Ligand SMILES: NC(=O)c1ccc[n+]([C@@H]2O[C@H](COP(=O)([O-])OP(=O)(O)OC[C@H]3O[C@@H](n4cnc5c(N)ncnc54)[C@H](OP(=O)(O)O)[C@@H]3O)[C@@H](O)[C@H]2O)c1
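Here you get one chain, nothing else, as C-alpha cells; it is the form predicted on its own.
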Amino acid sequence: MNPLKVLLIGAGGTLGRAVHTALRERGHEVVTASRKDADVHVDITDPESVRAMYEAVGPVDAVACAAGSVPWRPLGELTTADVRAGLEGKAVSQIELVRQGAARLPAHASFTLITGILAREPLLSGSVASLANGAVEAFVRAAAIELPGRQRVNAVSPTVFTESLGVYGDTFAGFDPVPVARAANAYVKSVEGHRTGEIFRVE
C-alpha cells in the first residue's frame, strides 16, 4: 500500500501513542494534533480551532481521532453542564472534525473516530460516557451514507486497555482488558481499508 498522510488527533494519550506507532510502522506519514506537545495545536471542542488545524495541515488522506473526554459522575449528581460537557467533549467535537473535514479533504479521505464499550455495556457513573459513545456511533452510521465522493467514516470502540487498569481500579471489574495495540490495529484497519459506517469493536 502507498504511504498515506494521516492527521492524528490526541497522539499523546495511551491510545494515541499506540496508533501513532502502528501507523508509522506501516510507513505512513503522521501529523499529530493536540492541545500540547504536537505538530499542530487544536482544541477539538472549539470549531475555530478545528478550522485553524485543517488550514495549517492542508490536505490529508485520513483523519484519526483518539481524543475525547466525558465526566464520570453518578446520575443523581449530574448537572446539565456535565451532560453538555460530555457531548461537547466526545461527540460534538468529533462530529465537527468530520463536518469541517468533509469539505476540505480529498474524495478518497477517511475519518476514524473513537467511542468505547460503554455504548453497549453501561457502568455506574458512566451514563454520560454511554450517551456520548452511542451518539458518535449513530453519527458514523448516518454520515457514511452522506459523505461526498468516496470519503469514509468509521469508529473504533474498545474495551478497557490493559495498560489503563491501574487508573480505573475496580471500575471495569469482570471486563476482559485488551492491549492497546489491538485498538491501534483497528485504526490501521479503518485507515487502510475500504469499509465505511462501521464500528470496529475491540474486546
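Fair warning: this is a prediction, and the values are worked out from it, not measured in the lab. Note that residue numbering follows the sequence shown and begins at 1.
Here the subject shifts to the form predicted together with the named molecule, a form of this protein not shown in this document.
S.K.: Of the residues Val153, Val136, Ala62, Ile44, which one places a heavy atom within 4.5 Å of the named molecule in the predicted bound form?
M.R.: Going through each option in turn, the one that passes is Ile44.
S.K.: Three residues, Gly126, Leu131 and Phe175; all within 4.5 Å of the named molecule in the predicted bound form via heavy atoms?
M.R.: No: none of Gly126, Leu131 and Phe175 comes within 4.5 Å of the named molecule in the predicted bound form.
S.K.: Tell me, please, which stretch of 22-30, 54-62, 142-150, 35-43 lies within 4.5 angstroms of the named molecule in the predicted bound form when heavy atoms are compared?
M.R.: This holds for exactly one stretch, 35-43.
S.K.: Would Pro179 sit within 4.5 Å of the named molecule in the predicted bound form, counting heavy atoms only?
M.R.: Contact with the named molecule, no.
S.K.: So, in the predicted bound form, is Gly193 in contact with the named molecule at a 4.5 angstroms heavy atom limit?
M.R.: Output for Gly193 is no: heavy atoms all beyond 4.5 Å of the named molecule.
S.K.: I'd like to know if Asn185 sits close to the named molecule in the predicted bound form, meaning any non-hydrogen atom pair within 4.5 angstroms.
M.R.: Asn185 lies outside the contact set for the named molecule.
S.K.: Classify Thr171 as contacting or not contacting the named molecule in the predicted bound form by the rule of any non-hydrogen atom within 4.5 angstroms, answering yes or no.
M.R.: It does not: once the named molecule is placed as it appears in the predicted bound form, Thr171 has no heavy atom within 4.5 Å of it.
S.K.: In sequence order, which positions of 98-134 have a non-hydrogen atom within 4.5 Å of the named molecule in the predicted bound form?
M.R.: Stretch hits, in order: Ile114, Thr115, Gly116.
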